[in-house]
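We give structure tokens for two forms of one protein chain below, kept apart as structure 1 and structure 2.
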Structure 1
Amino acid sequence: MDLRWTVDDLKTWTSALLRERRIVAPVVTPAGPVWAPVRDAGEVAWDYGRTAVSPREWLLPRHETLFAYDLAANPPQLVEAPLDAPPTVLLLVHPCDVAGVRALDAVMRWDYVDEPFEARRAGTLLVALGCATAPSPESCFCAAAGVDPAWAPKADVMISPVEGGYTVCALTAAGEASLEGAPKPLTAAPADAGRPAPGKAGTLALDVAAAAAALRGRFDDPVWESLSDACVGCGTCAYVCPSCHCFDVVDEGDWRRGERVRNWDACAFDHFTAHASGHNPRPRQSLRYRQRIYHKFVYYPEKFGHLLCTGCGRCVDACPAGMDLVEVLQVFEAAPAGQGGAR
């Protein structure tokens, strides 16, 4: 029995899903593929390479109203914002971006379950697409970051490119239910699913573990000044990242009425973590850049057991100043640890 699916088979399945769920998938635009809702399976970019921005915003929006307030009313009123969490399929998510969702899960479900995120996450079916080749050979280093480019164990459905088509595998009960009535048979998950051998997608070779270990002795190293010298503090690296999750909460309005909103933040911004008193614990760009690297490769792994970098390489390609995370990690990979320790 031929278990290979064609693109037409995937379209038929997608059309069935569209009857009950919103589908967010890569679509082609003049600026390249972007994540957007589709109304027809024909709009999906089935062989899209990589989007410039990750699908993170469909789970953690860039701007989100938490509640509205009216202090001029008698009595004062607080109105919670309605949850915008329709049943959704994130379709054709590469393993690096699935790993980004895993990073969001760990934070947003940690000591407090964030209700808006949880509502969207619980209603989202993750359909992954393995990479047969690196979408950006000059910047992809997912395998070095511990992500298998060919397999996404945290997805609900895994689509794997094979010669002459694709194989489709359900990894969760939700994924299996979504495939009822599928146009072609499914393949079984490998016996070692969850710990498969790294795929052969041609990602950059890098010893991230060695670099992370070396970081622990370089906190006070003057090298941070030169490594961050080109950084303009635009925050692009954080905005394209699948795993960054920092946000700011502000009131937009006046003393009488307005909204409390949550907006994405970025550690590169000069006001990031600035105190209301005016004190800024990281007044220089070098200190903010060091925070970014330590958060991804030291602090977050200590708390959650895996990197806060999925090796997607978007920050490398998007940085307007040409800063290259791979080159930065290679600096530490090649140098022995000094004194200072992680903080």
Structure 2
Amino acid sequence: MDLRWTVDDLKTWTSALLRERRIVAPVVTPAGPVWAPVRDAGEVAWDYGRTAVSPREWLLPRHETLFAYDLAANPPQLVEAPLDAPPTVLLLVHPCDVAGVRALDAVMRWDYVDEPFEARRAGTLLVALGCATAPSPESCFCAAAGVDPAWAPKADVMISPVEGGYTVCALTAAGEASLEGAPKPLTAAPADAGRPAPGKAGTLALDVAAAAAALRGRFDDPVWESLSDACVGCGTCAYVCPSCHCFDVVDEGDWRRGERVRNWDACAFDHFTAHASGHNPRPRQSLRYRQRIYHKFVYYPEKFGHLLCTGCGRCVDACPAGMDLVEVLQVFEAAPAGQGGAR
């Protein structure tokens, strides 16, 4: 029997899902594909390449209210924002962005559970779409970063483009339940050994693991000054990234009534670590850029066992100053430790 699904089959399944859940999927806009809720399966961009901004905001929004306070009330009141978690399907997430979700999971569940994140995460079904070819051949380097462009092990459902259609398999019980009554049969999820050979994405010559290993020992290397020369500290690289998770917590309101909110933040900003005294342990852009690289390729992997970069290449394409993460990693790959200072 032909196990291949057509786009029409995917639409039929999506329409069925839409009856019970919100679906957030890539939709085409004049500014390129973006993640947005769809009301109709016809709105979904089935072959969308890559969105400029990752889907992470659907799990960790740019701006969210934590609670409202009213100190004028008697007694004073704190009212927590409802955990805004309608059952949601994140549809057609490429493997790099599924890996981004895994990266967020590790942080948001590290000892303390971040409830707003967790509520959204628990209510979200991740439907992945494998990449047949690199959406951005110049900048995608997922395979080099250890992410298989053809396979997303942390997804609930895996859709794989094949010759003449798609195969669909369920990777979790939730994924399987979502496919009940699907228009076409499922493909059995292959055991690790039986899986197709890891796909290659992009045309870049880069070994991220080697570059990451080479970073240890280059912390005090003067090369950081020249490497980060162009960076203007705009934070764009963090905002487009699927795995960046830094945030700021601020109050909006006055001493009587208002809200405590959290907003995305970025280590590229000069005030990020500044103390009230004026002292700043990262007073120069080169040190802030170095923090970004070390966080993604050294500190986070030491704690959680995988990179905090999924090789999606968005930051390479988005940086207004032409900073190129791939080139930076290549510098270290080419000239490993032993030069420069400790760490």
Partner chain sequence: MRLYTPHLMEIFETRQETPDVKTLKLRFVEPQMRESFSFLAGQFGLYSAFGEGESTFCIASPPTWKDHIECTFRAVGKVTEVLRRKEAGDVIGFRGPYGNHFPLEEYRGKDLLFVVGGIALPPLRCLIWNVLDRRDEFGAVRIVYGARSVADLVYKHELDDWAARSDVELVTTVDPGGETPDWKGGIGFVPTALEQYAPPSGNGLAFVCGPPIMIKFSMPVLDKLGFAPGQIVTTLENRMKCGVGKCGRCNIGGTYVCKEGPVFTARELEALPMGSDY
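Basically, rigid core = biggest C-alpha set you can superpose within 1.5 Å across the two forms. These numbers come from a predicted model, not from an experiment. For numbering, take structure 1's sequence and count from 1.
Just checking, which of these two is the form predicted in complex with its partner chain?
If we ask which form is the one predicted in complex with its partner chain, the answer is structure 2.
When the rigid core is used for the superposition, does Ala31 move between structure 1 and structure 2 (threshold: C-alpha shift of 2 Å or more)?
Moves: no, less than 2 Å.
Large Cα move at Gly278 between structure 1 and structure 2, threshold 2 Å, rigid core
Comparing forms between structure 1 and structure 2, the Gly278 CA shifts at least 2 Å.
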